[in-house]
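In what follows, one protein chain appears twice in different forms, each by itself as structure tokens: structure 1 and structure 2.
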Structure 1
């Protein structure tokens, strides 16, 4: 790719300059960026400004010198070099690079945009991890798409990625028992027997639904068994049904997990105990008030945290330590956790615990996405699980569908709040950004159908054979330029953990395509030109499919 060649040229030029300028350090990374406007060239670099302070010279003077060397070393792609603004070196290329790039898209097909940046390192992305005592709500949905798309991106840049859902199913946890009791109460109520849902239980509608499911399937047979047995039965059933339901909704949302990891399995394998023992042995714990504490303050936490309660039951933190240790033991080089905003406070202590146990904090990235607020009739709808006032992902999917929901959840950066206005999402469905991008794809498919029905030369010719130099119009060049940006977009979105950047790219791509479509008739009289445009359109379809594929949004052939 040209980018590579240009960077090499710059690097080579700087190396030559070093003879005259011994005081400069050659930067190990050359920034080659796409300028904000076309009249500033195809690519630009800021090396002159970076070196200015070392040379103690104004950036533009430094730039002049660099340009002089670059010109002498020049490569055939470069038409001219300009210095602009505070000291940018702007490179203007002749169009051959656009044709080379377009051809490479046609040859690579769906492999275009991939790289081996990750060099096959194993990454585990853990996300959603909703507790098995309630339905998947919109917050989980947001975390879910962020995780899913991030995993797609990381895979595209050469990591070996697994997706995991952590199930907080520890039998000792109070929440699951309360959930079991709540279900039990509903089960009795459905049979006309008076029994209260505990005050601190779960009051949502969905608990009644599960109770009904159980009653329909198994009848009243749990009514008369011993209470202890009934409670454990209901706790187990509650969890099983809830997980089943969660899995179903997540699948519907396009989220698949390679592994559903059970917290209880850690307890059964004594991993939680082991983790606690390790922390003890390494001297990062102490006893106080009958509880076992982790010295998390040694790793920047505000206060030390309890690992084992005075009643002997380990805390969530303890199993989380065991869980993360287990992930490392399974051979992952890097762990990424995506948490909801309610787990904010756990970042520091979890990382502290992992350091205490001996892992580098660099190998664990935890990031929290901000809340999703649902607006309905202009009013904020608040979610509270205990009160049963939950906005489920299912409702949203029923209302607006998978593609729109995924797209909307990804439109904002993960650390920005997201207002999801249900009415707006539906009402806007005519001029919705999702449809805008999908429409570009559908239009292309329509052209290709038309071309193959027409049976002209253009339809028969392999696009790789087309004479691309026929593409000279501004709209055509803009489109080729945008297509060529995909690899960089993927790389940046992946390495910065910024899936929302891809949304922007998709919209921009849609925009340049629609402009091209209006400007240039693809199936035109001039057969040579028609072939070239058809090739361009095919490449655009490929790039749209790749982009939408990474986002998990459909690329429909007709709408």
Structure 2
């Protein structure tokens, strides 16, 4: 891609200048950005301003020297180089790079935008990991699509990626026991037997639904068994039924996991005990008030954390240490955890624990996504009758479908709150950003069908053989520029863990295409121009398909 070539040119120029500027440290990264206005060039870099302090010279003087070397070493794609403002170096390219990029899309097809940046390094992305005691809610949905698309992006840039769902199913879990008691109470109530749901239990109607499933399948057989056995049975049944439902909804949402990892499997394999013993052996634990503590303050935490309670029961942190240790033992080079907004305080302690056990914190990235607020007619929707105090992902999917839900959940950065406008999501008009982007793809398919039915040179010619130099109008250039940005967008979105960037790119591409369609008749009388424009719309279709595919959103041929 041309950005990479330009960065290489800047690096080469700086390396040549190093002989005259021995005091400078060459920057690890060269920033290359698209200027806000076309009259400022195709690309711009601030490298002169970065080096000015080291040279103890005004940035423009530094820029003049860099530009002189770049001009001498210049590539054929560069038309001219200018210095602007306090020292920005603006690069103006001729159209040849646009034609080269367009031809690359036509030749590479669905492989366009892929790279080997990751060089096959193994990455495990763990996301959703909802407790098996309630439905998947819209917060889980947001975290789910962030994790899924991030995994797609990482795979596209050359990482070997696995997706994992961590099931908090330890038999000693207090929340699972409360869930079992709640289900037991509903099971009795459905048979006309008075039994109260625990005050701290689960009161949503989904518990009644599960109880009815059990009663329909097994009848009243559990009514007369010993209480302890009955509680154990209902706790296990509650988890089994809830996980079945969670899997079903996540599959419907387009989320597929390579592994559903059981917390109980860590307990059964004595991995939790082993992790605790490792921490002890490394000298990072101590006993106080009958509990075992981790010296997490030695790794930046604000206070030490309990690993084993005074009653001998390990904490969630102990299980998390064992779980992350197990991940590394499975051979992953990098771990990525995506957590909900109520887990922010666990980041430092988890990374501290991994340092204590002997792993570099740089190999574990944890980020928290913020809440989703559902709005209907401008009013906040607060709760679901069926699920209690949450709004389920299933309800949103029923209302607006998978594509819209995924797209809307990604429209803001993970660290920003998200308002989900239900009425906007339902509209089948250009106001709806999903519809707007998908309609661009459907419109292209319509053009190509018309070309095929009309016959002639434009329909028969291989797009890669078209004379692309016929594309000279500004709307055509704008579209080619936007198509050429895809590889960089994929790479940045992957490396910065920013899948929302793809949403912005898809919307911008849709807008630029619709403007092109308005200004340029594709199937015009000039056959050479028609061939070139057909090549351009075919390339646009390819890039839209790649982008929507990474987002897990359909690219419809008719709308």
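The term rigid core refers to the maximal set of C-alpha atoms that superpose within 1.5 Å between the two forms. This is a predicted model, so every value here is computed, not measured. Positions refer to the first chain, counted from 1.
S.K.: Which of the two structures shown, 1 or 2, corresponds to the form predicted together with the RNA?
M.R.: It is the first structure that is the form predicted together with the RNA.
S.K.: Please report, in whole degrees, the rotation of the smaller rigid segment with respect to the larger one between structure 1 and structure 2.
M.R.: Comparing the two forms, the smaller part rotates by 7 degrees relative to the larger.
S.K.: Could you tell me the distance the CA of residue 17 travels between structure 1 and structure 2 after a rigid core superposition, in angstrom?
M.R.: C-alpha shift for residue 17: 3.4 Å.
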